[in-house]
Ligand SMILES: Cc1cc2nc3c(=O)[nH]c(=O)nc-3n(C[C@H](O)[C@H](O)[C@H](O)COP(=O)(O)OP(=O)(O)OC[C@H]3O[C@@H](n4cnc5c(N)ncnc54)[C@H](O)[C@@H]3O)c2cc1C
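Quick heads-up: it's one chain on its own, the form predicted on its own, in structure tokens.
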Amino acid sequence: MKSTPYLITNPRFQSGGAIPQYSVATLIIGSGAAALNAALCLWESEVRDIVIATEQWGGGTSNNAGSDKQTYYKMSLDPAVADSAFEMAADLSRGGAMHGDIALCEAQHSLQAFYNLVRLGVPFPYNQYGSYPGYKTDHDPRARATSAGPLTSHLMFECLARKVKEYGIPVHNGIVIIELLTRQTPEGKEITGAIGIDKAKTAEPGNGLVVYNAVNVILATGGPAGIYRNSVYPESQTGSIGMALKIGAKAQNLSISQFGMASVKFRWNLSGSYQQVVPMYYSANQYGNDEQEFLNVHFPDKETLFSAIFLKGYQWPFDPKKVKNYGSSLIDLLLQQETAAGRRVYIDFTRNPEGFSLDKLKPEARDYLERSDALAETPIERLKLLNPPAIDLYQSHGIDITREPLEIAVCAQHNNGGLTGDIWWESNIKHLFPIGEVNGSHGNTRPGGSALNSGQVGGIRAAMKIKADYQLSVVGCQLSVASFTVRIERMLTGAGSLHYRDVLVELQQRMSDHGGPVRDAETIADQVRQAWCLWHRLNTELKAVEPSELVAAFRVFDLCLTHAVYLEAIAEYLNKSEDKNQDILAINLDENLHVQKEWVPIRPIPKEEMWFEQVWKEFRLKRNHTENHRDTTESHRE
């Protein structure tokens, strides 16, 4: 899944001595599927003054993640299934913590985004009549899901990247953006650019600093992967939401993350058919001895256990509501308890669970395997019939699941929260557009695969807004580069005793132990206090770093701030009633980095009269790009 990096220099380069400066109308940070689609949407709408800056071309989650058959969620295209954007929006937002107008945008543009990927070559399956079949995913009542196989998002990245290269869109590879730059205006704070570090030049004069003057910044750096010890995010991705929090960008739903079981030797989700073939679970001591099928004693009978394992395929993310009555998420909880006790947990596809027989499967599981022609005697034989690419995927990484078990853990997989955006995906910091997983639009119960759709739609919406309203002249950065050279000098000569690597270990352990799937309202306040204490120590007691370590040290600064704000949100969430938690927790930092919190009522799905002549008039007058040109919420409440 590796792509060859390349670099195209922006012709609007301005020499700044040892520190290069670039002026560009729109800077796109990141090179995942969301970022690349945003770039293509701008380019194809003849907005060409853009640059993509990325730490590692192809290093994000899109190009390096997947599952048994990775899902893409959209409106149904099954000719026998009635569907609408309103119905899809209702399902997206049904679990709460998602604004209805955002859900409607994600639904309304879902087919546009999907057919664009088809146009670019993503091989979604269709029949001889051109119909794209669907299947049900988690939190999905209408079989809207589709898939191009285990590597759907990788294929999306490949097709989008191919088009970016074909167009010659400028890409600055090896650039780590470490700071977002703003200025204050009468209307509030707005983006003016960013500062980055060229990883290849940290030992040269200027220490690799790069300055971008920009009108707009599209931030597409993914979720906060680096704040967790137990993570299924690719190791090449860490996230960088902290730099947006630092400038006062509002965030929402930071407490809502998805966790699920994944393999640890090779980071991969064990969802879908990996569970539907009903593999054997067991734990062992640290040396691999003393095997125990630890699930058995916690279920009343074998049929209930086998059903829970099968349902874990549909219901892969941990959900507290699915723990009671021997639900599928009880498996995650028991797995977490085993690893917390110091034992190692495995899935074995070569052996059936104790007492297994096909006759003991409940109707839902047996009917599924029978209709899929996968009624074989062992899990691996069932998987060969059900989904051979799921086996090949591990084989390509040197792991033969036809012969060896997989060590697993409950891992962080997706943050349903992130930065706040309006219906154009624009932040409260004007001209800043967070898209993809760094945008917190996803709500409590996002259907599986909807994040891929949301990332594509975010790029479409941001490009529409920029083209309509934000093709403006570039202004200079308010923050002087000199302040950064002083900051770097302090990092290179620091006399403290705190090493940034120790900070990383501490914050990751804190997040996995206290901000993971198991959280304790009694102890969370102390964890918040310790997180902020660590942040202040990092700023005053940092041990000197080598020039080659500057990027890693800056990354830890970002992650340390991030984990403190996330724990603040988790603490607030744990101390509110269940009814309140259906609303959206907004959180931001003021100029002194003090935390501000607010519970925001959910905006309903707009119910506007779609009278063509009126919409056409507003479209001609360009009023449709102004979010509040007329009331779309209060007057249309149900």
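Predicted model, so just to flag it, every value in this text is computed and none were measured. From 1 onward, residues are counted along the sequence shown.
Just so you know, the form predicted together with the ligand exists too; it's not on screen, but the next bit is about it.
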query: Options 466-474, 366-374, 410-418, 525-533; stretch whose heavy atom lies within 4.5 Å of the ligand in the model of the complex; finding: 410-418
query: Partner proximity in the model of the complex: S328 to the ligand, non-hydrogen atom cutoff 4.5 Å; finding: no
query: Partner contact for G449 in the model of the complex: the ligand, 4.5 angstroms, heavy atom; finding: yes
query: Heavy atom of Q56 within 4.5 Å of the ligand in the model of the complex; finding: yes
query: Contact flag, Q237 vs the ligand in the model of the complex, heavy atom cut 4.5 Å; finding: yes
query: Triple contact flag G30, T71 and M243 to the ligand in the model of the complex, non-hydrogen atom at 4.5 angstroms; finding: yes
query: Of C560, V122, A161, I175, the one that lies within 4.5 Å of the ligand in the model of the complex (heavy atoms); finding: I175
query: Contact residue in the model of the complex, from G193, G222, G515, G443 (heavy atom within 4.5 Å of the ligand); finding: G222
query: The ligand in the model of the complex - contacting residues of 51-67, heavy atom within 4.5 Å; finding: A53, T54, E55, Q56, G59, G60, T61, S62, A65, G66, S67
